[in-house]
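The chain below stands alone, shown as structure tokens; this is the form predicted on its own.
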């Protein structure tokens, strides 16, 4: 598939978002600013602000797109905050091909950098008043982001709890990723609809679109954790297996394909040989095909929702639809 239109729009939006966030983080002390920008400067897909800006443009045209810039920046700041804290909790040492924030700056500075980004995300939404958003829309956007932060925290808690137990089924996994990953993509789409001045029903539908896309995104992430090229993904392979995470692939292999030995090969203390063997069994079990089918089903749901929503800008809708296909085919 030709991704050029998607990548061109993503590149354009990224420059706008990067400038906005870097301007907000031009503050002292310099070490705090640098720590906050460390992972951000390493790149990334900027998928979440892309959803916000495309949604605003699709529903409200160019003016809505302009109003959405501080809101989209807030979404990316919140996402970066969650990554920094997630890396600390998971003990991950690489992200986007560079050492993680806590490895470079230490855990104390990394926690503080995350806290700063979290606070800035709410201030950026409040700054939407300067772009023409009225008080009611700013209030709605703030509430959406706050709800997403609560959902992400709950999802992270489930993810951590699942590492310690095998009493986890497919429905438990899907609920966890709906919260941990889907929530912020849901918020990105809802906030974009708010910037466009859409009513509650369109906002709700765009939220469904974002959440379904987020679930598919996480499943693809789990797949790349087994078969991805670290040089492309920017993260070491098999990290999830070493943590004992109950991804959809692991749950399927152990509970559906009956390969119980995987349960003994993964988790804290597992060696490289153990997780390599576990990964081979996962591939042989058919788990990759199963996970890909589930991800595609969620993309189908997202596409069905998108097709039900009235559109002002058809190109923005086309790129959002293209993004869905990218989510389940990406290599990083």
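Residue numbers count along the first chain shown, from 1. Predicted model only: the values in this text are computed from it and were never measured.
What follows is about the form predicted in complex with another copy of the chain, which we do not show.
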#### Entry: The unique member of 251, 202, 120, 94 whose heavy atoms fall within 4.5 Å of another copy of the chain in the model of the complex
120
### Query
Out of 257, 227, 160, 170, which one falls within 4.5 Å of another copy of the chain in the model of the complex, going by heavy atoms?
160
### Whether 291, 304 and 309 all lie within 4.5 angstroms of another copy of the chain in the model of the complex by heavy atom
no
#### Entry: Segment assignment from 257-265, 214-222, 189-197, 145-153: heavy atom within 4.5 Å of another copy of the chain in the model of the complex
145-153
### Query
Hey, in the model of the complex, is residue 209 touching another copy of the chain, heavy atoms inside 4.5 Å?
no
### Task
Answer yes if any heavy atom of residue 166 is within 4.5 Å of a heavy atom of another copy of the chain in the model of the complex; otherwise answer no.
no
### Query
Though only this chain appears here, would residue 125 touch another copy of the chain in the model of the complex if you measure heavy atom gaps against 4.5 Å?
yes
### Query
Does the 4.5 Å heavy atom contact test between residue 27 and another copy of the chain in the model of the complex come out positive?
yes
### Message
If you apply a 4.5 angstroms heavy atom cut-off, which residues in 89-106 are near another copy of the chain in the model of the complex?
### Response
89
